[in-house]
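Before any questions on how it binds or moves, here is one chain, the form predicted alone, in structure tokens.
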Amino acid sequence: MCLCFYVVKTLNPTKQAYIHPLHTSFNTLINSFIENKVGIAENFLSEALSLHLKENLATLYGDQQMKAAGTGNNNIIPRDNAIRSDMIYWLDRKHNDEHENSFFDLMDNFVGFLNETCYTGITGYEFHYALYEKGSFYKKHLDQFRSNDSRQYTMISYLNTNWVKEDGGELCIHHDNSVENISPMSGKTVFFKSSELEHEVLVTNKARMSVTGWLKS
């Protein structure tokens, strides 16, 4: 399943004022994906939403609600600390959290835009909070399971304020002939095909937080 190539890359200056702000960040994410197989939008999450989600994650962690992540489909394969050492908590509208529901509203808008402009046929999604404690990592892997190809696109939205290079925890994308390291700065969202690009989370030197998930068909 490939994205279309007719998404407008340069907005007409005379029409700029009529472009919905969300669509600007949506186009940034999609167009950078088309150019490099990895879409990046620096301010996909608003500062306020990113902060609220970070506070939610911290509360869940303090209440011991974050659980060790497994390494297989539906936890068929249990956690292997040699492969990954992050903790997760699945998001659900049924939790009735206003900020998480605002995130879901944003995803609904993005999926609608993606399907309308690029005919991707996405019919659902799943997202969880991800916390990497100091010293944690996730070795190189693909996000699409061998036994289930429903995951089409990976999306990661970061919640880390004042992140610097020395903090580590970069997302390392393995392209055919190169690697691309992406800093997990607050508000930034990364987007790529779940079945195509191997990637890893490098060892983090302080707590690293994100909302991570998949667009599915």
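Just count from 1 along the sequence shown to find any residue number. As the structure is a computational prediction, the values presented were derived from the model and not from experiment.
This protein has a second form, the form predicted together with a small molecule, left out of what is shown; the following refers to that one.
Open item on the list: Residue-level contact is defined here as any heavy atom of the residue lying within 4.5 Å of the small molecule in the model of the complex; does His99 satisfy this criterion?
Closed with: No, His99 stays farther than 4.5 Å from the small molecule in the model of the complex.
TODO: Considering only heavy atoms, tell me if Lys193 and the small molecule come within 4.5 Å of each other in the model of the complex.
DONE: No, Lys193 stays farther than 4.5 Å from the small molecule in the model of the complex.
Open item on the list: How about Leu29 - does it come within 4.5 Å of the small molecule in the model of the complex, if we only consider non-hydrogen atoms?
Closed with: Leu29: no, not in contact with the small molecule in the model of the complex.
Open item on the list: Given that the small molecule is not shown alongside this chain, does His141 nevertheless sit within 4.5 Å of it in the model of the complex, heavy atom to heavy atom?
Closed with: Within the cut-off, so yes.
TODO: Assess the spot marked by Ile156, Val201 and Trp214: is the small molecule within 4.5 Å of a heavy atom from every one of these residues in the model of the complex?
DONE: Yes: each residue has a heavy atom within 4.5 Å of the partner.
Open item on the list: Within 4.5 Å, heavy atoms only, which of Met66, Leu45, Val38, Leu171 is in contact with the small molecule in the model of the complex?
Closed with: Only one listed residue qualifies here, and that residue is Leu171.
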